[in-house]
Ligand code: HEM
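Take a look at this one chain, the form predicted on its own, written out in structure tokens.
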């Protein structure tokens, strides 16, 4: 990362990073809605998002593979920024100050805060489980190779992981809307000096140390 070309702005995400993020995000939304449609008859109307029941059964698994591959690329890009450290533990102990927006009581935050890092690790845990369990229950191609007990367990694992991720992403979206400027960072790619100093001060310092070398 480095200062952006425009004065007063810092480059937070490159075009490639933003594209990667939005592929994961859009595929996740489509998977969540179509997955809920397949999960219970009362939500089957959500299958219309992929063109109806038949197309939902066809496209849902392929979208899952697309999301997993895209997420692996995100992990390779951002894993080193998501390692938990001592400041993150302090940040978590001051969750009340986070919710009250008392950021002056929090330790300096790097590129990501502890809440964002926990979501990252939740996704790292759930994504492979979703892929593996999804392959087991992918009836057209793979389910015939597994005993019914394995298929049943995989269906439960798939549902639990999907529920955990849906809850986590809802919190992620709320936080992005709550912290003004976060959504713009993932659309334009840049943030202001003030935003970086207020929300990610350690990262702000790092950017300018690198920029001044």
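It should be emphasised that the depicted structure is a prediction, and the values quoted were computed from it without experimental measurement. Positions refer to the first chain, counted from 1.
What comes next is about the form predicted in complex with the named molecule, which does not appear here.
**Student:** Assess the spot marked by 29, 74 and 123: is the named molecule within 4.5 Å of a heavy atom from every one of these residues in the model of the complex?
**Tutor:** The answer is yes; 29, 74 and 123 each reach the named molecule.
**Student:** Scan 43, 183, 164, 171 and let me know which has any heavy atom within 4.5 Å of the named molecule in the model of the complex.
**Tutor:** None of the other options qualify; the answer is 183.
**Student:** How about residue 9: is it within 4.5 Å of the named molecule in the model of the complex, going by heavy atoms?
**Tutor:** So residue 9 does not count as contacting the named molecule.
**Student:** Residue 196: heavy atom within 4.5 Å of the named molecule in the model of the complex?
**Tutor:** Looking in the model of the complex, residue contacts with the named molecule do not include residue 196, since no heavy atom lies within 4.5 Å.
**Student:** Give a yes/no on whether residue 91 approaches the named molecule to within 4.5 Å in the model of the complex, heavy atoms considered.
**Tutor:** Although the named molecule is absent here, residue 91 would stay clear of it in the model of the complex, with no heavy atoms inside 4.5 Å.
**Student:** Residue 133 near the named molecule in the model of the complex, any heavy atom under 4.5 Å?
**Tutor:** Heavy-atom contact with the named molecule at 4.5 Å: absent for residue 133.
**Student:** Would you give me the residues of 20 to 53 that have any heavy atom within 4.5 Å of the named molecule in the model of the complex, in order from first to last?
**Tutor:** Sequence-ordered list: 21, 22, 24, 25, 28, 29.
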